[in-house]
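Shown next as structure tokens: one chain only, the form predicted on its own.
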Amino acid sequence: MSGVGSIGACLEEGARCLAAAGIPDARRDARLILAHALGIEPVTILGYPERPVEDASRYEGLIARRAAREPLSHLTGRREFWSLDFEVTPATLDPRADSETLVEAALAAIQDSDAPLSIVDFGTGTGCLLLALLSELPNAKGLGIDIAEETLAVARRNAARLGLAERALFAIGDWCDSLAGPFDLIVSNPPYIPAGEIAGLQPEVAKFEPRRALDGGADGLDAYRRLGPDIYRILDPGGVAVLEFGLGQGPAVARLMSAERLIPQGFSTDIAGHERCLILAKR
């Protein structure tokens, strides 16, 4: 790619390189990478293709990494979720649009959005679920739990950038251990990929996402077995819990929660029409 001299030429060559590597939406990714490398807005790439690029070396390096299937969010350090800008690092699961289904389901289950609700998010990662909810619930406060300090550092920075640090606390924890409650709203996107299936996932996930955020044990349900008893213990009697799960896992997760005296209230579907979240109340 060396020697290309304009924004337009860089974009074309980068898109060709990514397409040859089998990257879906190669031109889009090349545009976002070029904007990041040059420190300009993506719209400028489209509006001023004739602008000269004096040094394309950074862009070339990023294109090579993307061609090796490193996630775009790891290259730019950013991912949009719920129309909010989140920092992403290799220590965090990349927020995905499917998880916005959980936010929608939780908000729909709340009767009074102005109430001083207490929220806990297990396996908080970037903090995207908790912070998206706090952005919509002005009087709520939340606690994000994760097992890794390097992950929580990212979540704290996201809270500060979004102006939500005063209402969001993040702490190390092994799921619900040592947590008393009660909480009005419990949310979680736990690891749910069966361990034997991780190697067959897209390289962006299998090679670059933190395994602890993916590995759900032999059948993908280990985290739900851990969460079920404690969700019942710490959920306020009038509260609600919303859990994300993988493709086809809804009935099994509902059975596990029912066995812990939690009442399934129904499923929410993602943009592809797949059941993605289970809404729970307490007996």
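One-based numbering along the sequence shown. As the structure is a computational prediction, the values presented were derived from the model and not from experiment.
Keep in mind that the form predicted together with glutamine is missing from the display, and what follows is about it.
Stretch-level contact check against glutamine in the predicted bound form with heavy atoms at 4.5 Å: of 123-131, 196-204, 107-115, 136-144, the positive one is 123-131. Residue contact with glutamine in the predicted bound form: L179 places no heavy atom within 4.5 Å of it. Glutamine is not drawn, but in the predicted bound form it has no heavy atom within 4.5 Å of S73. Shown alone here, G173 lies farther than 4.5 Å from glutamine in the predicted bound form, counting heavy atoms only.
Mapping the unseen interface onto this chain, A213 counts among the residues with a heavy atom inside 4.5 Å of glutamine in the predicted bound form.
Shown here without glutamine, the chain has N189, P190, P191 in 178-195 lying with a heavy atom within 4.5 Å of that partner in the predicted bound form.
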